[in-house]
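In structure tokens, one chain follows: the form predicted alone.
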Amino acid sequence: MAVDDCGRQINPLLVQGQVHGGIAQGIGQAMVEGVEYSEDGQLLTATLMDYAMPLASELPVFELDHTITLTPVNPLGVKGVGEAGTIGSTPAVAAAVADALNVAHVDMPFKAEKLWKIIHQQ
């Protein structure tokens, strides 16, 4: 569940898309995205073939809601949208992973190999 307040929604469908995109970005950052370098400092994730990003089919269904608080700083009463998804989803996933593994902390990204090693060390 994600709730956002972007003030007046000029186009609610675009607002939903921005929130979905922000959540997807945050989940991707937590789960698969990561810049990696070789031992000699060569960038190993320079292209999208090497830098993992989540696909829509890999993400859960997002249940969205909103509040509308108009801002007085512009005549339309609009604010930015989408940032809340990026800010909230990453620590939510991190907390869920740490809780599921019964550990205090796990470095992101939570790739399968890393999680497998943690599970089998316990």
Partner chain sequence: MSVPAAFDYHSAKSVDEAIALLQQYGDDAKVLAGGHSLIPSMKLRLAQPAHLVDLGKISGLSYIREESGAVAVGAMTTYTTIEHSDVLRRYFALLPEGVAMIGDQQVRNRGTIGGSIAHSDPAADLPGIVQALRADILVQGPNGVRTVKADDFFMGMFETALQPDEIVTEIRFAIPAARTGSAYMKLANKASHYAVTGCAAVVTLDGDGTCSSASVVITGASEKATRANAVEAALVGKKLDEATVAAATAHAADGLALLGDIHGSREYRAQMSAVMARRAILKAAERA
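Positions refer to the first chain, counted from 1. Bear in mind the structure is a predicted one, so any value in this text is a computation, not a measurement.
Form predicted in complex with the partner chain: not shown, discussed below.
From the list 76-84, 49-57, 63-71, 91-99, the contact stretch for the partner chain in the predicted bound form under a 4.5 Å heavy atom rule is 49-57. The candidate spot formed by 32, 45 and 113 is fully in contact with the partner chain in the predicted bound form: every one of the three has a heavy atom within 4.5 Å. Contacts to the partner chain in the predicted bound form (heavy atom within 4.5 Å) from stretch 71-93: none.
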